[in-house]
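Single chain ahead, written as structure tokens, the form predicted alone.
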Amino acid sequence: MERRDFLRRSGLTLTGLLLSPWAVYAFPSREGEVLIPFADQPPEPPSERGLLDWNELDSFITPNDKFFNVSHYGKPEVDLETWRLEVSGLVENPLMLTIEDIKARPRQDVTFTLECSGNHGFPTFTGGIGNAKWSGTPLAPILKEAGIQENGIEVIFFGHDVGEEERRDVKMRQNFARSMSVEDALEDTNLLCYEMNGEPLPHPNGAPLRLIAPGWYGIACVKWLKRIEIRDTRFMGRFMGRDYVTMREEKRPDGESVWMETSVGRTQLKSLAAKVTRIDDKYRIYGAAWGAPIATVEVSIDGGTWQKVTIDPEEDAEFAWKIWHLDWSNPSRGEHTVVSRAIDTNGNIQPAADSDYITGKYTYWESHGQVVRRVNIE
């Protein structure tokens, strides 16, 4: 894929993860299950491209060495001895913090399902997602300590990764950057993260420090943090105003088309049937749902009635995916379709792939329509 660099491994071992006291989670599996692969698998195994292989979904937490990562300007090597986090701009008390300064502050953990906003945007990119326990210090107290001035409205997060952009024949060497409003940045769930699943944050995932913004797509969670700057104008860099912009055609009641261009931001309600297994003649469909507080998930087989699934009760983290399963009794031989839809606690339903809301979208970001899977039963 142009502009993206998917790594295969982060270097940490599953053994190290399992030794962590919080990393062993139940999964609603059955001993002796045999995998029945979906017929719509990408031609190249996702795990060979550094993506989640849904066939291998067997834990609530995604191990560090199987967690996807994306970079746009390469993966900068950061010298910890000289590294500092700068907090500047429209603030009363500019800060320059070492990693020790940050680790000495109050610690906070959040289990959060991080999804690339391009996940499922096209058929070969289906595993840009993972669920981890992220640890760090809350962002809001640092911003408050810096003292945001009254005219400060935008918080910009700059990474150490650098690239060259050209706009109107002007070449610009710039750091990767994304922004939020002051109100969004001050949410108490946002973390300056230095640990992932009980291990030091891996280099491909943003070491020594990255932003973790639960409830937002991965593009907002800036890696290899260098500077946080407050300004009095909206930030319109490449990854806010030109790239990662969703274009959607909306129809007004009078038939007029209105085109909306919006910057990718918070995650959308979504679910997926991940895999099918069998023990003798007993079949089961497993999947996950995320992007909002989940009330229930329903599955339709071959376009039939929507059936409620069983959601794994072992884990109840606000920003983490829900693992679910549905027992499938006596499926006939031949090809079947399986589709799931998530319903959140406000009654919102994951849209169908042929809904106006999805078909009116002309970019692959924020692709959260229902995904129809195909499986052959022999």
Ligand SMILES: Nc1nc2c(c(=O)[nH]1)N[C@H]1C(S)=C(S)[C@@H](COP(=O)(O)O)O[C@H]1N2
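One rule holds for the numbers: they count along the sequence shown, beginning at 1. Computed from a predicted structure; not experimentally measured.
What comes next is about the form predicted together with the named molecule, which does not appear here.
Contact with the named molecule in the model of the complex, defined as any heavy atom within 4.5 Å, is confined among 305-313, 60-68, 319-327, 339-347 to 60-68. Contact with the named molecule in the model of the complex, defined as a heavy atom within 4.5 Å, holds for exactly one of Ala213, Ala288, Leu114, Leu139, namely Leu114.
Residue Lys223 is the only one of Lys133, Lys223, Lys275, His120 with a heavy atom lying within 4.5 Å of the named molecule in the model of the complex.
Under a 4.5 angstroms non-hydrogen atom cutoff, the named molecule in the model of the complex lacks Met180 among its neighbouring residues. In the model of the complex, none of the heavy atoms of Asn197 sits within 4.5 Å of a heavy atom of the named molecule. For Glu154, no non-hydrogen atom is located within 4.5 Å of the named molecule in the model of the complex, even though that partner is not displayed. Using a 4.5 Å cutoff between non-hydrogen atoms, Glu229 does not count as a contact of the named molecule in the model of the complex. Within 4.5 angstroms of the named molecule in the model of the complex, the stretch 228-257 places a non-hydrogen atom from Tyr244 alone.
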